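Listed next as structure tokens is one chain, alone, in the form predicted on its own.
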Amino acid sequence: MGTKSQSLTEEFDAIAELSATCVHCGFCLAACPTYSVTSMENDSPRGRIWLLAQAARTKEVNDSLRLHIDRCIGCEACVPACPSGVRYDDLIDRARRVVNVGRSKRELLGRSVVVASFSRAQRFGSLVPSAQALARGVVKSSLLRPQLPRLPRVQALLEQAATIEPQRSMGTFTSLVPNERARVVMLTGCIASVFFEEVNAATVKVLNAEGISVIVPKEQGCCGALASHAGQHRPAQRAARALIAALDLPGIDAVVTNSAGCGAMMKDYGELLEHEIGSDAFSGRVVDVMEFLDRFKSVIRYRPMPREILYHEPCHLAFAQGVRSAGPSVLGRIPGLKLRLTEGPNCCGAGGLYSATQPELAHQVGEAKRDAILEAGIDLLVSGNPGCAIQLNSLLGDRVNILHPIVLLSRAIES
């Protein structure tokens, strides 16, 4: 008990120090997607920082703090918007851990089940078709359907699960190319390995075509982002250590990921693991696939694609990783392709587990993005994050086709 109390005190002390850098100027308000929907001060970064500073002084967590921290998507758009350099990314990570204090055992268990279900998706991949059949039955059931409005989180998860097509995981393999320009190890991801295997296959295809060898270890787990989003610090640390052990191979130039959320988490392993030996070096080798491709002069012959597409910039790529030009730059290699950035607010409302834990607010945040996409009148959109793809698909349905940019590149390679 003493260790737990000491850890909480240390978190409060760090929160007090971090929140003291905020001058309450309000530049963050326009960048915050939840504030744009609710117009509540406490749903803005400034408001949350004030609540956190108060909690740090009193060493107490109340329901108001828990509510407004839970409502934060964690998009980090406020970080580059802040002229004072407030580390809101660090603050929200600590806040998520702190607000779990006093949370009901039932809710903590529910969050743990959701995290475990998603993070072990690769292990449970063979069960997905059966689970989807059950989900479809529940959604369509005349007896159970009336009960779903009482359980909006369950309803949202069931409806999403019933529409996504599972795919077969690629498993362990090494794809070496002659006269290689570089050699990388690739993260297949937990959700991505089951539902977005085309993205993983396209990643290997494009990298190989560029003269880059790819190693894909089978024994990969979750990057820890889902546990971190749920405020589960130690499980997130365990996941990070396990992934480092699986992917930190000798002779590797980079650790490549095609998931913006995973990349953001892995680039933060140094801080997550309190700079354990090897963690900072590992984080320094992590790159988004589009970021990595942008480092090389292309040797691929792409067939022309004379069409206009929309480019959606995932928050965890643009703000958490600071990678903004790589995607458009690499896609610009396809002859005839005209790229347009999506208008309106940046965030789609996905935020890792956010669309599952806060489905109503996530949908409200996403509505503005949905409307901006539909107003563009373009039927193809690319987005470099699986979570965003799932959220955008639920918002847009079959009105707009959604692809990962690496899939578009793969399809444009001349055979």
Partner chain sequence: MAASRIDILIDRLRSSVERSSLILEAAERQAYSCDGLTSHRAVPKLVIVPASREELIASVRAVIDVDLPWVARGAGTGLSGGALPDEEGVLVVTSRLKAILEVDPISRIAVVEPGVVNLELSKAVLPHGLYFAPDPSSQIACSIGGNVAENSGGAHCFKYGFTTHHVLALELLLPTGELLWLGSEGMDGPGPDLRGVVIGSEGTLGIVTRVVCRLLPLPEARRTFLAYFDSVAAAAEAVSDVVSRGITPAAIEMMDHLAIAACEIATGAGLDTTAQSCLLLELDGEADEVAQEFLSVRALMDLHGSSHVWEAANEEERALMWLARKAAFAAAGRVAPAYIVQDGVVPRSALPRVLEGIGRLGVESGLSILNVFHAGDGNLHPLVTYDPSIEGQEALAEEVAAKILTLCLEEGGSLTGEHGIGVDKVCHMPEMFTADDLTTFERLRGAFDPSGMCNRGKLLPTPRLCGERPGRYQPHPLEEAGLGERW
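Residue numbers count along the first chain shown, from 1. Not measured: the values here are computed from a predicted model.
One more form of this protein should be noted, the form predicted together with its partner chain, which is absent from this view; the next part is about it.
Contact annotation: Pro335 falls outside 4.5 Å of its partner chain in the predicted bound form, judged by heavy atom distances.
With a 4.5 Å cutoff on heavy atoms, Gly85 counts as touching its partner chain in the predicted bound form. Using a 4.5 angstroms limit between non-hydrogen atoms, Gly26 touches its partner chain in the predicted bound form. Though the partner is left out of this view, Met40 does reach within 4.5 Å of its partner chain in the predicted bound form, counting heavy atoms only. Checked against its partner chain in the predicted bound form, the residues Ala356, Leu51, Ile69, Val61 give one hit for a heavy atom within 4.5 Å, which is Leu51. The stretch in contact with its partner chain in the predicted bound form, judged by heavy atoms within 4.5 Å, is 40 to 48, chosen from 384 to 392, 40 to 48, 346 to 354, 370 to 378.
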